[in-house]
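In structure tokens, one chain follows: the form predicted alone.
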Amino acid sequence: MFATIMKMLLRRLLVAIPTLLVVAALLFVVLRLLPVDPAAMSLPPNATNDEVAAMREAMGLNRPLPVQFLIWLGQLLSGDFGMSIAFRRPVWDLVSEALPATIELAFLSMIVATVVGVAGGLLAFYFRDRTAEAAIDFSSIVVLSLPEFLWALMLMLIFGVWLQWLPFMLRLDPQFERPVITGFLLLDTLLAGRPDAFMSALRHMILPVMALGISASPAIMRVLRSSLLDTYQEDYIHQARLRGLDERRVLLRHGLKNAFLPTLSLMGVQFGFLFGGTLLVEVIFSYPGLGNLMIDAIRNVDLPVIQIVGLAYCIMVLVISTVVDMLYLVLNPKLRVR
């Protein structure tokens, strides 16, 4: 199985390289078509025309667009991600600070989406052909009809403003000083031996995590239910029943194991969409992740930051897809002999 996984990783790497090149080229070309002058934005407002011309020459903006792209690509490969126009800081410092927060948010949201989606799918299948199934199906349609930013606003108003049960701004209460060890706040608070700060960070994450997780769960639920309906037509399910196994054991031990594979593929796609969907939710909750950084960069037309954040989203989607394929390979014995 190890050799099969290595072959799959090699294939994924060969696909990822041209994918990143295409995404990088699209980002570079589209942003260069905007009616802005990065050289003028990099200088103070009172800069002279000669200073702007000199900056354009230094940044290579006078050269043909393909040459500019190759220069930028060479800088990326050498580890030079550029300087933020708005923040006057290296772009890599900004992205490395924001990326762990978004990864934490997306990961916890996917856990919520999986738990809610799998539980809902099992309940909908278990109560099939009953009134409860129609109620669960109707609820999933309602949840699916609301985008994540509406869930964020509703949860904020109900649990943050009206009931005042949960905080809905930033990541820690003001009395806590953030420990910086790995960049992942929840992990850092535990490594620093601060369970009180950990609970504070966790409470601040509940509302954005629920907003993203709830919005992503209906698709998982519906695919799992459909997969279970197809799986229950197989002969081994009928044989399990003939052996006297009760319905709950047939469902959990035999049906769910095989029906979960198509659901796992969907979860990989959902995780990719969910990672990109953090953008608006982060803005609503003032969550300091990639989404907030991207919005600030767009507002300030900070082209170096927009380019790197766009590539970061692409890389994370590729990583998520690869991890899901590895899990699928481990859980599906039929693929190991190929």
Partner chain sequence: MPSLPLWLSNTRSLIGFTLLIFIVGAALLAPVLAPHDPNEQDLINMLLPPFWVEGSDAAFPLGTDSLGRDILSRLLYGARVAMTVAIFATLGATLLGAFLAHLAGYFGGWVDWLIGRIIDVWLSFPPVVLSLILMVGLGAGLWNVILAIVLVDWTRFCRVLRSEVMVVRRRDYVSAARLLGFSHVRTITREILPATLPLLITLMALEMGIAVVVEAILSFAGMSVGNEVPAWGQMIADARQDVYNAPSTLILPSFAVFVTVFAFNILGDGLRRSLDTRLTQTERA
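Residue numbers count along the first chain shown, from 1. Just so it is clear, the model here is predicted, and its values are computed rather than measured.
Separately, the form predicted in complex with its partner chain exists; it is not shown, and the next lines address it.
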Quick one: in the model of the complex, does every one of 145, 157 and 317 get a heavy atom within 4.5 Å of its partner chain?
-> yes
Given that its partner chain is left out here, which of 153, 73, 132, 187 has a heavy atom within 4.5 Å of it in the model of the complex?
-> 153
Which residue, 65, 47, 283, 54, has a heavy atom that falls within 4.5 Å of its partner chain in the model of the complex?
-> 283
When its partner chain is placed as it is in the model of the complex, which of 206 to 214, 79 to 87, 159 to 167, 100 to 108 ends up with heavy atoms within 4.5 Å of it?
-> 159 to 167
Are any of the heavy atoms in residue 149 no more than 4.5 Å from a heavy atom of its partner chain in the model of the complex?
-> yes
Does the 4.5 Å heavy atom contact test between residue 276 and its partner chain in the model of the complex come out positive?
-> yes
Does residue 17 reach its partner chain in the model of the complex, with heavy atoms at most 4.5 Å apart?
-> no
Can any non-hydrogen atom of residue 313 be found within 4.5 angstroms of its partner chain in the model of the complex?
-> yes
Can you name the residues of 195 to 233 that have a heavy atom within 4.5 Å of its partner chain in the model of the complex?
-> 222, 225, 230, 233
